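Just one chain follows, in the form predicted on its own, and it is written as structure tokens.
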């Protein structure tokens, strides 16, 4: 065996390895991307849920965006106002109007109150059922009840109730918005956490057309938007559907809750100074 040839080969390979290593080191240094230390600080503060509720690809994407000023410090819903304040300190900015929100289901058309138009045998997903003649529910605005929103929630804040409607577990809800995006009928919305009343319907039809498909659907009577039914204001009609303005000064949607002839308004928090079972039938 020619040991000189073997030694030469080993030295050659070693030399080439060293040469390539030096070349890679030079290239890595030349093309290195500087990382803003604030990005790392913000990323360490984030919950790591990677829920996408901020509109960016994961927590790392949001950290980069907020550090560069492209995203607001209040963009991480799971972190809430406390996290927004912490991020604000890292960036040296003041944080205002960081309002905690919660998801609500704007449909009361359960198995008892809303009828089906036909029996559905397809894929048990709301998105699939929606594509088949607008779904099996006679109300083309109502919840289809297959739980796409439940599947989308990464925080176990939604479960399907026995009545065929999703139920929000508010203690777990981070208001990330994944359920809002997952619903093909725009039924789930995010409202301020301290708002006790919301409208539990998104039906845009009127009167008889609504009653034919759901016994608790909004009939567009507009009583809730008038001074008699809502003396504090804060509700305007968008066609046949009331729109609640939660930023309206001195609003109190408990009045429309009591005035609504169809019991479309939902009380999610007890009335101040009232018993917890007040308006139980409307909750």
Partner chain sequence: MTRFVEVIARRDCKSFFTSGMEICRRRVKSRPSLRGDLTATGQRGCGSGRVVAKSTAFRYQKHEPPGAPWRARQPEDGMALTFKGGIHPPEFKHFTEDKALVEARRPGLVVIPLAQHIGAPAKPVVGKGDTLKAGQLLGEPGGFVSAAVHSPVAGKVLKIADHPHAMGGLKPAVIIEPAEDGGDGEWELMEPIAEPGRVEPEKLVERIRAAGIVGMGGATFPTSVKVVPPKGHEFDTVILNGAECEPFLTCDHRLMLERGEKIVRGLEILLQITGARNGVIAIEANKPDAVAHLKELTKDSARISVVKCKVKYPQGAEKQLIKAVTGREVPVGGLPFAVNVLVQNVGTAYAIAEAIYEGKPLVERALTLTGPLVSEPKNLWVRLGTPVSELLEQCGGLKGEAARFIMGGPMMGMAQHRFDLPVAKGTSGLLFLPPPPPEAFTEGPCLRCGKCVDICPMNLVPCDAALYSRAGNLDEAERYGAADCIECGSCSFVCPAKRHLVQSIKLLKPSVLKRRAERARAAK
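From a predicted model like this one, the values you see are computed outputs, not experimental measurements. Residue numbers count along the first chain shown, from 1.
What comes next is about the form predicted together with the partner chain, which is not displayed.
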request  = Heavy atoms, 4.5 Å, the partner chain in the predicted complex: which of 182-190, 76-84, 159-167, 133-141 makes the cut? Say which one.
outcome  = 133-141
ask   = Could you tell me if residue 72 has a non-hydrogen atom within 4.5 Å of the partner chain in the predicted complex?
value = no
query = With the partner left out of view, is residue 122 within 4.5 angstroms of the partner chain in the predicted complex by any non-hydrogen atom?
reply = yes
inquiry  = Can you work out whether residue 99 and the partner chain are in contact in the predicted complex, taking contact to mean some heavy atom pair no more than 4.5 Å apart?
reply    = no
query = If you check in the predicted complex, is residue 128 within 4.5 Å of the partner chain, heavy atoms only?
reply = yes
task = State the residue from 209, 117, 91, 150 whose non-hydrogen atoms include one within 4.5 Å of the partner chain in the predicted complex.
result = 117
